[in-house]
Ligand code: GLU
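In the block that follows, a single chain appears as structure tokens, in the form predicted on its own.
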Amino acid sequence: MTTQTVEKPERKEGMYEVVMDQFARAADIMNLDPGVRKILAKTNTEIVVHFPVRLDNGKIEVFTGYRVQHNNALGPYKGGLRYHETVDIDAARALAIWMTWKSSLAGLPYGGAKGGIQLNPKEYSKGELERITRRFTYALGDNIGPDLDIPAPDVNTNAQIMAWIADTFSSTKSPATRFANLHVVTGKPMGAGGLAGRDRATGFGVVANLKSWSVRSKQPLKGMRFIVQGFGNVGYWTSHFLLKEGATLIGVQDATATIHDPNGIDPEALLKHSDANGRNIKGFTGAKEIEPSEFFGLECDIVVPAALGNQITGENAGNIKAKVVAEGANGPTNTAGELILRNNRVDIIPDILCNSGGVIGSYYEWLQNKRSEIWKIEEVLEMIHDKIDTAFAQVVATSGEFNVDWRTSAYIVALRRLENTYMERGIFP
């Protein structure tokens, strides 16, 4: 009698498992204090709210919103709000933890938080999204605040949504303190206290990292070809600034289409098409549409995943022929995918470093509001570039110190700062 072995399918690794694997690896290598390790392995607060909203058709729908606050040892919680079907408590946990590392690595006086609402915003009118946003803000109540927890834009949220949050939150305060609460969020429109350049801060930061990589690897960006996954705020501004460095965009992918032109794609024309078609690239005539599975295998020098997490995996990482992956998204590469990339000698600029321009820009907006000042865009971009270049140098130096990859090194830099804070401050009581 013969027996047949049935192989169990490999369980898909979620973002939370990825972030905890990365944390454990760095903590082991740096010999992180056991007590601090226990603290940082847990989130401080997890908030789930269910709230009703009346839709345009008169019907009532109940939405679920999340806000996870991981750690505030360095300062107020900081992190985005996303409107997406994939938002759940595990995703919010992972993203909140990444925000703690990101803020620490950038040298900011912030902790980490993340959250959002589980929905597809394309299914709702502008008026419905406003009511959903305002009701979510009211449901969160005093769990957010300008010196407690400061949300910002993320996937499918924007300056308009931040303005609704700021207005709703400040309207619940006494008249004497309303203006002191407008910086409860960052990423606001300019007329509502926003920062010049905040809209492009994350994409600008991705390119600032690539410039630092270019200098250290002695590989000029001029003449390089790049592909971008996701053509929202981060994808567009990354393309915009890389073009200024002399690189050529040859491939773009979003949820609706994958397009390719080896001679170059004009990001300004693509943005115009996307804006006119519900933020979708499908139907763009300036490039050929190809199969989605071909995207990561395109011949290029730079890959910029700027969409959602878990996009580069053990199944497709081997297709990547680029010199460097610049992680514009949070957690775009899972553990198996990363191992393949490293074995293939593909440099990875890790997410907590590569996309930190957004939170750095948020910090300067928050500071500008607290000081009642207004800064020029040139000043803002210069300050963002300086902080990123400093962090990049620390990551490279620490990588050499511990003989580890850049992601692990970035974690060690971030964890060292948190460890020092706990060692100096102690634990109450």
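All residue numbers are counted from 1 along the displayed sequence. Since the model is a prediction, treat every value here as computed from it, not as a measurement.
Although not depicted, the form predicted in complex with this ligand is the subject of the following passage.
Is S362 close to this ligand in the model of the complex, meaning a heavy atom pair under 4.5 Å apart or at it?
Yes - in the model of the complex, heavy atoms of S362 and this ligand come within 4.5 Å of each other.
Since only the chain is shown here, I'm wondering whether A152 would be in contact with this ligand in the model of the complex (any heavy atom pair within 4.5 Å).
Yes.
Does this ligand get within 4.5 angstroms of any non-hydrogen atom of K102 in the model of the complex?
The answer is yes: K102 has a heavy atom within 4.5 Å of this ligand.
So in the model of the complex, does T186 come within 4.5 Å of this ligand, heavy atom to heavy atom?
Contact check for T186: yes, within 4.5 Å of this ligand in the model of the complex.
One residue of T333, N355, S239, T133 in contact with this ligand, assessed in the model of the complex (non-hydrogen atom, 4.5 angstroms):
Of T333, N355, S239, T133, the residue with a heavy atom within 4.5 Å of this ligand in the model of the complex is N355.
The single option of G232, G80, G197, P146 touching this ligand in the model of the complex, heavy atom within 4.5 Å
So the residue touching this ligand in the model of the complex, by this definition, is G80.
Which of these stretches, 341-349, 175-183, 288-296, 94-102, has heavy atoms within 4.5 Å of this ligand in the model of the complex?
Answer to the contact question: 94-102.
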